[in-house]
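The form predicted alone is given below as one chain in structure tokens.
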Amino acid sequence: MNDYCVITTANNKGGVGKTLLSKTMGEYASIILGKRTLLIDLDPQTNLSRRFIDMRLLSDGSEDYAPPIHPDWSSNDKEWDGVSSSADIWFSGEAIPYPTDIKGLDILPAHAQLLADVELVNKQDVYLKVVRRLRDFLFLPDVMSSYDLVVIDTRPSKGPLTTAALHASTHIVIPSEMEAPSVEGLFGMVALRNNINIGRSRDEQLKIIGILPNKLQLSTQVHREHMELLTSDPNIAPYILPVNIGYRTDYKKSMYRDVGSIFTFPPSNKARQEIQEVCRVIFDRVYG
């Protein structure tokens, strides 16, 4: 595999910063490290997709989003309707990523309704029809020769799509707020990772990059208590990253599509400095 890596950001609970981290890791890898990077959005909420491309709102009243016409599509192409999404990995076995405004960074956007349909598979067919297919796709020679890194953003659950992402990954990073639901979610992710590794060979173990505290405010008692809980647990403490993401309004600002990457903010910007150090630590652990 050389240095080809697939990183999933995951936590059972929502609102913990998965999309912010996925977006920023993809930008850091492309802008700072010069990696050819593919972002994959597996969350039907399509939050990551809408950060990079002009998603279209479906006209059926559902308020769901789908990808726009691909910029490389031609009306002369009678075998393709010009739309591609991460769900195509399961429905057709072929998916065409969209370029972003960042050199070297592509995205395979989500299609809300089609991803929901993927998870409707019968329980007994989950491994064969959902879990296995993503790993097979990401390790196709064409994909591996096109990209150095794949970053997958997942929905807040342990459902088939998240399970598929972890089975397809070489690494996982678990963002978490220091509050009860998020902490409970990270324990679930660690357990799922351990179960996956039972079926893997020693040299293909799914590696935990770390647990990343997000929106951390140590001046808040509940945050201190949960940090103390995690750092005192011998099964969790080794995974806690030595960096964290604070509660800063510039992170919200960086999630607007027209603002651009946080790495275009002034070098003196505190949010940029903080999350750049987070990314440095993460990729030091990935690439050594």
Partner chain sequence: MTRKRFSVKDTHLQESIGAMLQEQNQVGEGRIETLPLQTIHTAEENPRYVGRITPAEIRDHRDGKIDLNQEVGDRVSFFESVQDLANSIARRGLLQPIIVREDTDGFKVIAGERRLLAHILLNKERIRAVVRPSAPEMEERAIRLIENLQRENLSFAELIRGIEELDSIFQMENARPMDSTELAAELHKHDSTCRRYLQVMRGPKDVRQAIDHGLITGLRPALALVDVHGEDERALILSRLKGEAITEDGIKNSPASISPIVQPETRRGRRRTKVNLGMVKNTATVKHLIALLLGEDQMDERFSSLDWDDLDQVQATWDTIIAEHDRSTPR
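Positions refer to the first chain, counted from 1. In this text the structure is predicted, and so the values were computed from the model without any measurement.
Form predicted together with the partner chain: not shown, discussed below.
Participant: Which of these stretches, 92 to 100, 195 to 203, 181 to 189, 150 to 158, has heavy atoms within 4.5 Å of the partner chain in the predicted complex?
Facilitator: Going by heavy atoms within 4.5 Å, the stretch is 92 to 100.
Participant: Each of 167, 228 and 258 having a non-hydrogen atom within 4.5 Å of the partner chain in the predicted complex: is that the case here?
Facilitator: Not one of the three qualifies.
Participant: Can you check whether residue 114 is within 4.5 Å of the partner chain in the predicted complex, heavy atom basis?
Facilitator: Judged by the heavy-atom cut-off of 4.5 Å, residue 114 is in contact with the partner chain in the predicted complex.
Participant: Does the partner chain get within 4.5 angstroms of any non-hydrogen atom of residue 133 in the predicted complex?
Facilitator: Contact check for residue 133: yes, within 4.5 Å of the partner chain in the predicted complex.
Participant: Does residue 233 reach the partner chain in the predicted complex, with heavy atoms at most 4.5 Å apart?
Facilitator: No, no contact at 4.5 Å.
Participant: Is residue 280 part of the interface with the partner chain in the predicted complex - any heavy atom within 4.5 Å?
Facilitator: Flag for residue 280 set to no.
Participant: May I ask you to list the residues of 158 to 193 that have any heavy atom within 4.5 angstroms of the partner chain in the predicted complex, in sequence order?
Facilitator: Sequence-ordered list is empty.
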